[in-house]
Every structure is written in structure tokens, then in C-alpha cells.
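Shown next as C-alpha cells: one chain only, the form predicted on its own.
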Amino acid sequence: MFESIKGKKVLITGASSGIGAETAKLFASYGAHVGIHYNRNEENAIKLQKDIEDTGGSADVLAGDLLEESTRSDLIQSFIDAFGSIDVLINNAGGVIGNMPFLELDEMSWRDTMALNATAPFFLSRDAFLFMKDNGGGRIINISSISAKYGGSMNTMHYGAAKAALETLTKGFAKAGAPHNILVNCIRGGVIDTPLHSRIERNSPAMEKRISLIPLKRMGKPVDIARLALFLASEAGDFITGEVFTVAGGD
């Protein structure tokens, strides 16, 4: 099923840890050439590259802060320059900037959260689209969050709004991409055991309560998201576009 992944050029944003790192390893294990984008965690990114190459895979690292317009405008071309083309873009980079009660939220935290989770994916997707439409098509996979479904918590309302925007962009790009064989889908992750949650005490009453609301009664694993991304990027996803898939243990 996944033989079609071999030789594909795959750019994953925010790939130095968590879901992005697991996705990079999984794609590389099926023969993809993987671009590991990172912002601050150079050490992890380089280690991931080495781990992939040590097991016979192919990877390179690309640095850049997606809050910066220069990074957003240059990243796709930098990847194409390094790999020769782009077949799959996975907009994985994201996070909450300004985790605070909405009544105290400042405009900079709002703008930066929107920039990271919605603005950057829009412009990266647009640049990838421009290349893909003239080169036989491609796949764009956006990584959203269950926050888009529930609106986030009182401290992360802006994050939920940004991820909801990302899901809407998925629909728009899918309609625009269909005539060009550019398939665009979104994975809405639930509570996943990633460094994003390391700031929250896993055994805290709040986290225990949150996990108790999940029908499967546990956090998900990064590879749970990575496996669906692999499916959507492979020939198994040839007739799927414009969809938002929830991977959240029934949440």
C-alpha cells in the first residue's frame, strides 16, 4: 500500500520533536526523502537526521522561524532547491503562544498564534501549490487540533480559533487543487503525548480529568497521527481530498 511513498520529496514543518519527528521517521522508513524543518531545536533536528540516515533513509534539515515573513516566503523554495521538487507538504508546526485566560490575552499573542497555526500554513501551501500544479500534483496535509472542535480552553481560545481557520483553509485549497491533482486533507489530533503537553503535569488533576473524557481513556501517541499522514500521502489516499479526519480516541 505504501510503496508509492518511495522517492517522494516530503517537507514536514516543526519536525524536530513530537508528531513531526515521528512523521519524518515513518515517511523515511518507506523511502521518502524528508525535509526536517525546525525553529529552535537544532540539536534534535540534526539527531533526527542522523537517526534516519543511519537506518538507510534520506533527510535534510531546514531552519526558520515561521513567525517571520522571510521564513514563510523562502521555505518552500529552499526545500525545492535542496531536493529538486516537493511532492508532499505537511503543515505540522503549531502551538499556543500566550497560554493565559482570554480576558488577559494580548494582541501579540493572538497575532503570533494565528501566524504560526494559520498564516504560515496558508503561505507555505500557496507556494507548494504553485509548484505542484505545474508538476503533476501533490499532497498537502494540515495538522489541526481537537481545540478546533471544542473552541479550546479558556486559556487557549485563540489557538482553537487558529486551528479552525486551518481546517477552513484545507477545504479551500482542496477545491482549488482538485483540477491539478493536488489533494489537501487535515488531521485533527486529540490529546497527544507530545512535548506540547510536557508543560502540563501529566498526573495533575486537570490532566487526569481531561484524559477521563476520552472514550479510550488514554493520550494518543505521535505515531497515531503519523500513520494517517502516511496513508493520506500514499496511493491509498488517491480519492480523498477536502476532509478533516479526527484522531482522538473517540473524543
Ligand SMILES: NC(=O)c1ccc[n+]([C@@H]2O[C@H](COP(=O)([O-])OP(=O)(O)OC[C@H]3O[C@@H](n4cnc5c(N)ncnc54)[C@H](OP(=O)(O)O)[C@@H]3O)[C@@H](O)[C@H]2O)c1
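This structure is a prediction, so every number in the text was calculated from the model and none was measured. We number the residues from 1 along the sequence you see.
Here the subject shifts to the form predicted together with the named molecule, a form of this protein not shown in this document.
Engineer: Please pick out the stretch from 51-59, 178-186, 210-218, 65-73 that is in contact with the named molecule in the predicted complex, where contact means heavy atoms within 4.5 Å.
Structural biologist: Heavy-atom contact with the partner occurs in 65-73.
Engineer: Spell it out for me: taking the named molecule in the predicted complex, does every residue among Gly18, Tyr38 and Ser145 have a heavy atom no farther than 4.5 Å from it?
Structural biologist: Every residue of the spot touches the named molecule in the predicted complex.
Engineer: Give me the residue from Thr156, Thr170, Thr113, Asn92 that has a heavy atom within 4.5 Å of the named molecule in the predicted complex.
Structural biologist: Spelling it out, the residue with a heavy atom inside the cut-off is Asn92.
Engineer: Evaluate Ile192 for contact with the named molecule in the predicted complex, applying a 4.5 angstroms cut-off between non-hydrogen atoms, and reply yes or no.
Structural biologist: Yes - in the predicted complex, heavy atoms of Ile192 and the named molecule come within 4.5 Å of each other.
Engineer: Only counting heavy atoms and a 4.5 Å limit, does any residue of 210-225 reach the named molecule in the predicted complex, and if so which ones?
Structural biologist: Residues within 4.5 Å: none in this stretch.
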